[in-house]
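Just one chain is shown here, as structure tokens, and it is the form predicted alone.
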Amino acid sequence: MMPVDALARVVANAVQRADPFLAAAAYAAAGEQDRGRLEPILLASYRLKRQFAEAPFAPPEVLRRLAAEPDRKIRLKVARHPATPPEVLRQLAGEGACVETLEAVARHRNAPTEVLEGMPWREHPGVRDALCSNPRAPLALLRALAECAPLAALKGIANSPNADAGLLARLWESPDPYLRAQVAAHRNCPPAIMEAAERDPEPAVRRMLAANPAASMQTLLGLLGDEAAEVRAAAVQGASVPAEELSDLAADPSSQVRRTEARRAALPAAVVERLACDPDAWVRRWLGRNRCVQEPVLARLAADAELEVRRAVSRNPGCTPALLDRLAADPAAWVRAGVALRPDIPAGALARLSAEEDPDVASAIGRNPNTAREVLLRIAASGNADLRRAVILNRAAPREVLRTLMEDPYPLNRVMLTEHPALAGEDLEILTEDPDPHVRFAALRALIRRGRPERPAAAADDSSSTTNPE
């Protein structure tokens, strides 16, 4: 919790500068009296209200205040905002709400169950269809909706985690194969329907059954021999399928099946050997990332003619130091960059790659937690915004390096910089005076989360570059 005196300084700074973005960040932590001082700044114009009502970064407290606005369009934007709290949605769906707002609340993942149950869906088809797609809709409501919902909405009901075996059985009676496929994929699909789905003439139904985490091993083994490649590929992913049952599929005529098999967490050695020689580069590529592949096979894949296969090996956690050292000298920069990203990179390879100027390699070096301070300083001074951002994304980057990026010309980089744990409170306070309003908001929000500003932020003078969105 932020100390009272520190919070007072934050609020006073936002008020003195009449900055709506600072006001939005401070509003979330302020008490009732301070919010009264911030609201005239935060809600100074219709444009600002609309802007905050749909801004992804808008705090729930600001959305709660905007929900009390008389303007219908503002309230509708709040109802559509993914961060709107349940109690605000309850308020927005109250008496006098327009149909568009009711639809937005009916679709919202935060809407309380009792609000969804009280929706006038019989009078408004749009509200009905929105409820069908809401995973929070309770079973009793889903059953009532299923009586009159159109086909597209019924597919939403079939996806609901609250649909039970009885409701799914009703939906299974549909002639539409894609609705039946959704039923076959549901965890609560009853055994009798699973058996029927295994014999369904539509491949889409059998494929979705194979993807059902509740499908039995017996069902998956049967689907491994299905005539449709997409069904076999889905069955290969089944966690209950024993590894020894996959041997024949390593020679499957469908590359889709072999690609899926190459991603399995556990594979017999004979299957790995066959897949390592597969003519499809994507099969070898997935195998190169597979943790179960042992060093001798990884060494062969590290010499593959396809650079994406070698890149995959460079990202495999099972890579030995000797293999990483070899890949660090690969002729393709993209492969060397894969090695440069690894925190377990051998010291010699790190030193060699740190001297490279290729942007892919330099970006990876910038994100590596073991990169030397002087190298990070060099990358942070690059004219490439992506390279500078790599240093910002490095959670091990020291404060002295990060401070050189506080005036980065790209605003997104400065926004991301505010989230770095190595920045001090005084650094964040400087960023609350940034020319970009999103940076100012992010800096003050981070400062409030820290809970303890280290010095009062300086008020803007007449020459300040701080801009008011108005």
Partner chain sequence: MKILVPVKQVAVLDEDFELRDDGLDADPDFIDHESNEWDDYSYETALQIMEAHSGVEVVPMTVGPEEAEESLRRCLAKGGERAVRVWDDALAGAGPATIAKLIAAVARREGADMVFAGTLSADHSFAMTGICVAAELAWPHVAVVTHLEYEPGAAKATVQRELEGGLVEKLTVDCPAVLTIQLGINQPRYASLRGVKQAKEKPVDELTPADLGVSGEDLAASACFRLRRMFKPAKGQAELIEGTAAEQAARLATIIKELKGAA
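Numbering follows the first chain given and starts at 1. Everything numeric here is computed off the predicted structure, so don't read it as measured data.
Missing here is the form predicted together with the partner chain; even so, the following discussion is about that form.
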Check: Just one of 69, 54, 419, 34 has a heavy atom within 4.5 Å of the partner chain in the model of the complex. Which one?
Finding: 54
Item checked: Contact residue in the model of the complex, chosen from 65, 403, 438, 50 - any heavy atom within 4.5 Å of the partner chain -> 50
Item checked: residue 108, heavy atom within 4.5 angstroms of the partner chain in the model of the complex -> no
Note to self: Whether residue 300 contacts the partner chain in the model of the complex should be assessed with a 4.5 Å heavy atom distance threshold; does it?
What the structure shows: no
Notebook entry, point to check: Would residue 80 count as a contact of the partner chain in the model of the complex, using a 4.5 angstroms cut-off between non-hydrogen atoms?
Noted result: yes
Margin query: Test of understanding: in the model of the complex, would residue 445 fall inside 4.5 Å of the partner chain by heavy atoms?
Written below: no
Notebook entry, point to check: Since the chain is shown here on its own, which stretch among 428 to 436, 36 to 44, 56 to 64, 23 to 31 would lie within 4.5 Å of the partner chain in the model of the complex, judged by heavy atoms?
Noted result: 428 to 436
Next item on the list: Taking only heavy atoms into account, state which residues of 149 to 172 are within 4.5 Å of the partner chain in the model of the complex, ordered by sequence.
Entry: 150, 151, 152
